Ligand SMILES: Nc1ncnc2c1ncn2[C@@H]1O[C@H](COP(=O)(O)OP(=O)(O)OP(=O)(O)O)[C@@H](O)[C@H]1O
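Before any questions on how it binds or moves, here is one chain, the form predicted on its own, in structure tokens.
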């Protein structure tokens, strides 16, 4: 079992969306996926999703679930957030990869760079950035690369995800049995999983 933590201090950068995308992409690639909700917000209700979803806000619950999954195949995705130094230390000790989603926004970039440093200081060996909500226009990409993303070392960026509005449906409770999302969501889910899988060396 490989474990990846999708983390960040600032809300709105896409931690939860990327976490769901990674788990969904793993499922579509026939890899068992386990989603660990550790955010302070209440967990959603799920019905029939192709990946397991757990309320792991209690550190003891998270440790128990991770321990039970150690010898299983698949991918454990930890949706984590907030400014919690103790959680940074746990990530450094227990996961194979920490990913910080970054949207093209100056404050988001600044917070991401600071969180990277905190994770490294806590002992994390493998920390990477994933650019989220990347524009589709070549002209706009050139602008955000120069204006916002130039401070992020290219070697630490594992990839770029486009903005797909329908992804928000993954963050909401299922009011009926889960249906296959739109093709754009499935495509970016597979892309997210492939980027993570490649970085994990699987």
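Just so we're clear, the structure is a prediction, and the values are computed from it rather than from any experiment. Residue numbers count along the first chain shown, from 1.
Just so it is clear, the following notes concern the form predicted in complex with this ligand, a form of the same protein that is not shown.
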Testing 42-50, 23-31, 58-66, 160-168 against this ligand in the predicted bound form with a 4.5 Å heavy atom criterion leaves exactly one stretch, namely 160-168
So in the predicted bound form, does residue 14 come within 4.5 Å of this ligand, heavy atom to heavy atom? yes
Would you classify residue 10 as touching this ligand in the predicted bound form, given a 4.5 Å non-hydrogen atom cut-off? yes
Using a 4.5 Å cut-off on any heavy atom, which residues of 111-134 would contact this ligand in the predicted bound form? 132, 133
